[in-house]
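One chain comes next, on its own, written as structure tokens: the form predicted on its own.
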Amino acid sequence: MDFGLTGSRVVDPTRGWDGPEEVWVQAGQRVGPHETTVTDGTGWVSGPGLVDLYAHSGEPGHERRETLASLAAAAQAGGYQRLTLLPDTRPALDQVNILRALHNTWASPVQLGLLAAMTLGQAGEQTVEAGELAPWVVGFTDAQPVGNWRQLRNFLEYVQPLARPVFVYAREGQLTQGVAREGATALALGLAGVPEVAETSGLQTLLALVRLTGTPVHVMRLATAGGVYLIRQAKQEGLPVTASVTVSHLIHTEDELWSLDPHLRFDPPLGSNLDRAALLAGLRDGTVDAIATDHTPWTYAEKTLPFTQTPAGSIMLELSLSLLWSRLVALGDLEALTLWTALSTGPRRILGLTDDTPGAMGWVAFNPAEPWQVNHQNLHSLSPATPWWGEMLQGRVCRMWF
């Protein structure tokens, strides 16, 4: 990857830098000016390639939702240099032959990381052969509310020597039977509510297990103010815990549910303005380490059902940087350096990718002033599952160097 980029605003969390700067890379390393192809990046923002901590794939099993090829194209179009897949494919990612086949099928400059299931078929019962899977994966997760805490405790002890993070969706499964956050909005709309305590009680149990086992854990899909408070306390205590929030929970709140747009159904449900403010504060002070897309492709038929019947989630890989920049950075709610840290070096640290040189991470250029419409012509994902369909967004990735 040899290139020169002049005239852009560089946001580089590896050096804590945010300002105008020329970027010259040769053989993957930052160097001084040299003979190479030079791009004029006037008006652009550039920085290390983005890393997504967890995204859903349609392939294998549901290729009508998304193929590996369309997923890779969407990631590249969104500025992601590395993509990490959740294990909920069909079959689930719980066997070495499945993991090997995915790696062999992947054909993209976007780097691929896989999260293996903790239990066979993600059923929460029989533990996978984690030692056999570890060389093929970056971590383990069942990516669903914990249904068996004893099994999770045993798994944390089992995988400790493997040096792979365990991703946990820390919610009490019996309290998650709802489609909206419990409160006035859900009550007024007649929607079954999920209380905040579903997250906070799950987190308290998880943190107790981390104290007991000492195994590093990543808390995924953090969504409540109470959850942010507990993670902040855990870090002050010195527990080996990291946490991430999804793009959707930073952009949307439950106030938008009055439309009953099925594309606004998420798991966990959208929170209040207080929750959103707490999540942003967590990003600013380092309590929340990363922002994940939780990219979830569905077909048109699957997602155009009544709100209470539609499956949760939406596509996000191609939209995340546009939405986060225009809705947070441009409005002064989040510093550019904080955002880029949560999208690049933060996820890398969680995944144990310690080489933070910009050349090794790739480089992405983003034009915050470029308008574009969310439609089939502009998206690489096969799925139209997004509340932004047909809308004009501000800001688009214009170049990537691998």
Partner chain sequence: MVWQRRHILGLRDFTPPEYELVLRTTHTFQGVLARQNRKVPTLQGKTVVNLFFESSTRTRSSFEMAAKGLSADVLNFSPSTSSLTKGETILDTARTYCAMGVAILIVRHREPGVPHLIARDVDAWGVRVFNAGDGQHEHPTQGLLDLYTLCHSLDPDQPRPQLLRGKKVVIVGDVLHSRVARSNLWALQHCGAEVHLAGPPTLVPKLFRELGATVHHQLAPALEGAHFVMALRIQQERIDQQLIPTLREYHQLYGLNHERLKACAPGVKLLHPGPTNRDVEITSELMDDPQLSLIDRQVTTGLASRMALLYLLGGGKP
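Numbering follows the first chain given and starts at 1. Note that the structure is a prediction, hence the values are computed from the model and not measured.
Although not depicted, the form predicted in complex with its partner chain is the subject of the following passage.
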{"property": "The single option of Gln160, Thr304, Thr127, Thr105 touching its partner chain in the predicted bound form, heavy atom within 4.5 Å", "result": "Thr304"}
{"property": "Option touching its partner chain, based on a heavy atom within 4.5 Å in the predicted bound form, out of Leu187, Ala101, Leu331, Leu274", "result": "Leu187"}
{"property": "Proximity of Asp285 to its partner chain in the predicted bound form, heavy atoms at 4.5 Å", "result": "no"}
{"property": "Any non-hydrogen atom of Gly226 within 4.5 angstroms of its partner chain in the predicted bound form", "result": "no"}
{"property": "Residue contact check: Pro216 to its partner chain in the predicted bound form, 4.5 Å heavy atom", "result": "no"}
{"property": "Residue contact check: Gln174 to its partner chain in the predicted bound form, 4.5 Å heavy atom", "result": "no"}
{"property": "Segment that reaches its partner chain in the predicted bound form - one of 162-170, 260-268, 73-81, 203-211, heavy atoms within 4.5 Å", "result": "260-268"}
{"property": "Within 4.5 Å of its partner chain in the predicted bound form: residues from 191-218 (heavy atom criterion)", "result": "Leu191"}
